[in-house]
Structure formats: structure tokens, C-alpha cells
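Quick setup: one chain, the form predicted alone, written in C-alpha cells, and binding and motion questions come after.
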């Protein structure tokens, strides 16, 4: 199984220029308007690229040089739209059977239908219409319609954007199980880093129509490598930095020097420190701080602080910790392990 996408598409002032190859559950992570959904539409055949090629499992779906452009229904692509695109005048059963319209054997159709109905826990809802279903039930119905058609690839376009937080967390677990059993390739578009982290084994970061990096999920979060990737993976503290020596960097705006576990290469642009990585009990990279304010959440608190010698024009630093560990002192010292220093070169 493999998907190879090398395409270009211009829409007004926006230019999509994609070079992607994957064979696993891949998340396309990026801000709104960066080209994520357009990429899916090109793969599905809804939008035709200006040039390039799309090859799925060795089968060419699109090739501008060879004048190949398969119709959407010929591509064996399952596309889960943001709004699920269920037919409102059809029941759950009728919607799902739409995915089996090419299967002429009635017994086979019914067998596949029942197996999928059971797998997605839609029993008892067969005669319900979409407007009678919850958001989660609508999503599972749309997934069932895709799965019965036995696609080679599943494209998920912001699959949880229309759901409330509690339902989203529950369906994330269900979706991960479904995708793990799916024998084809899966591409999930999202702007939510938590969704991408939980759902995907690999993530491609897209910015202004281009994939700026692609790597295994955990590797990407532990070492994003660039300011854009660090920001998209949720790093709150990013500041310009310069190399001091092989294992030390200076952060002028913070007025501090930090020891790093990873050797510092030439061309360092910035440093990133995730808000959860600060530790009041650590003596490593320990520096005096002054607390400016607290931002309380249900189970955590964000502490906003400044280093003792921090530039007055630079933004406050974020430190997130459990509510029962919030310091009472206004002035104290906190440290950070050298292994948790993110070195950013782009």
C-alpha cells in the first residue's frame, strides 16, 4: 500500500505545491486556509490539479503528462466530508446501501451491510433519518457508507469539527480502532494537534500550500525542528536563540543561557520550551523568575512569568502545571531538563 502525491494547483493567489508519500495513517496538520482540504479534493478527483501525478497502490489516478484523470467514482476513494454529506431523505440503511450500489449479489450486499452495521454499532437505528441522529451517529453512518464500498484509501476532512468536546474524545478512540482495522491507507486532515497526535502514526505539516515536514508523530512532537512546526504542535514558548558552544545556547530576550542535551548545530534560529516542561524542583537550567499572573483551567493552571533579566518588550513565558502544584511565592527559581530544550533551525 502506498500513496504518492506530487501535484501543483493554483487558485487565484493561492498555490498548492504538494510532495507527499505515505503508506500509513497520516495526519495533515495545518492552520485554516493552508490547503489541507484542497489536497484531499485533488486526491479524490473533486478538484483537478494543474500538473503532476497521484498514484495509489501503483495505480495512477492522475497524471498530467499522460493525460490520465480518473473520475471520482473510479478511484476507490472513501471521502468523509466535514458535514458527513448524508442524504437527508434516506434512512440509515438506505444511506449505507448507497455505498454498495455496485454489488449486484443481494445476499452479498446484505452480508456486508449487516457486518458494517454491527461493527459501527448502528443496530436499532436502521430506519432513522439523519436529522434523528446525534452527531456521533451521523459520523458512524457516513463511515459505514464509505467502508461498505471497500475503498483503497479513506480521506477524513476535519472529522470531529462539528462535535462537542466530550463526544469528540469518545469518537477519537472509536475512529482510531476503525482505522487500525481498515486495510487501506488513511489520510486525516485537521487543524487540531491533539486529534492528529491521538489518531495518526505519521503527520505531515502543511503551511501556505506546501508540506514543510513529515515524520512519525511522536518524533515530530519531540523534535519539531522549525519554528512553524513547534508552533503547530502547541509549543507556547518560542524565542530567538544563538549558539554559545556545542551544548549551550543563549536566549537574549530572556537573558539566560541554557544547556542542551542535543549538540547545537550552526544556523540555530530559535529555541522552544513546552509549557509543561518547566520544573520548580529541577536544578538543571535553573533560573530566577517573577510570576506575573495565573490563568486557571478546570484541572491545570497556566502561570505567566518573566525571567529575572528578561527583556521588557518580550512576551511572558508560559508554565503549565496541575492546580495542586501552583507555587505560592511570587519570586522563585525553576529549571528545565536539557533533553527538553527544542532546537529550531528554520
Partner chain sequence: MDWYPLWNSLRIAALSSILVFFSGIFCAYYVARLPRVIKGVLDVILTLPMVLPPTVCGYFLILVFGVKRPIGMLLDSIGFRFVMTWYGGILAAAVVAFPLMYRTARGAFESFDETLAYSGQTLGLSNTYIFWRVRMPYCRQGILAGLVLAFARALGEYGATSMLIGYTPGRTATISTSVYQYWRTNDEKNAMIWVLINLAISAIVLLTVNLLEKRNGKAGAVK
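Residue numbers count along the first chain shown, from 1. The model shown is predicted, which means the values in this text are computed figures rather than measured ones.
Only in words, not in the display: the form predicted together with the partner chain, which the text now covers.
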If we test each of 170, 106, 265, 102 for a heavy atom within 4.5 Å of the partner chain in the predicted complex, the one that passes is 102
Of 240, 178, 90, 133, the only residue with a heavy atom within 4.5 Å of the partner chain in the predicted complex is 90
Heavy atom of residue 73 within 4.5 Å of the partner chain in the predicted complex: yes
Would residue 192 sit within 4.5 Å of the partner chain in the predicted complex, counting heavy atoms only? no
Check residue 44 for me: does it contact the partner chain in the predicted complex (non-hydrogen atoms, 4.5 angstroms)? yes
Residue 166: heavy atom within 4.5 Å of the partner chain in the predicted complex? no
Non-hydrogen atoms within 4.5 angstroms of the partner chain in the predicted complex: do 258, 301 and 305 all have one? no
With the partner chain left out here, work out from 227-235, 195-203, 76-84, 246-254 which stretch has heavy atoms within 4.5 Å of it in the predicted complex. 76-84
Going by heavy atoms, what in 132-156 lies within 4.5 angstroms of the partner chain in the predicted complex? 145, 146, 149
